[in-house]
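Here we start with a single chain on its own, the form predicted on its own, put down as structure tokens.
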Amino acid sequence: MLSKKTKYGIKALTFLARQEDQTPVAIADIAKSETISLKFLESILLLLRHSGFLGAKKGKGGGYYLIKEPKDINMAHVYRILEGPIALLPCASHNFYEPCADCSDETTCAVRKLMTEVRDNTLLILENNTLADIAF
């Protein structure tokens, strides 16, 4: 299942992408609009800021804003930042590979074969969508 962190991160990015003038938006406004806990949203937006998706302005009129165009924000990258590996098993992961302790032969493992197919199809969908694709 998708974590709330990832779900809320995508909702927040979508909200920011839909802002017409791309001026900073207060965290409280995003939280209220998207029905997200303010404290939880703060940690998510901070992670997205440190990952190069968002900028922040302090003080009056401050808040968060996109520093990239929505068309340049790939959803596979967002997913990996917020959720971690796309693969459901470490033995099926490209970037976070680890062998399964209970597997005697990866080449004949039916579970790995199925989960590799799930990963490939999920990755295809995420890589072929940008924030612009899902926000507008």
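Everything numeric here is computed off the predicted structure, so don't read it as measured data. Start at 1 and count along the sequence shown; that's the residue number.
The same protein also exists as the form predicted in complex with another copy of the chain; that form is not shown, yet it is the one meant from here on.
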inquiry  = Just checking whether residue 7 would be counted as a contact of another copy of the chain in the model of the complex - the rule being heavy atoms within 4.5 angstroms.
reply    = yes
message = Please determine whether residue 66 contacts another copy of the chain in the model of the complex, using a 4.5 Å cut-off between heavy atoms.
response = no
ask   = in the model of the complex, does residue 95 have a heavy atom within 4.5 Å of another copy of the chain?
value = no
task = Could you confirm whether residue 75 comes within 4.5 Å of another copy of the chain in the model of the complex, counting heavy atoms only?
result = yes
query = Using a 4.5 Å cut-off on heavy atoms, what residues in 14 to 53 are near another copy of the chain in the model of the complex?
reply = 14, 18, 34, 35
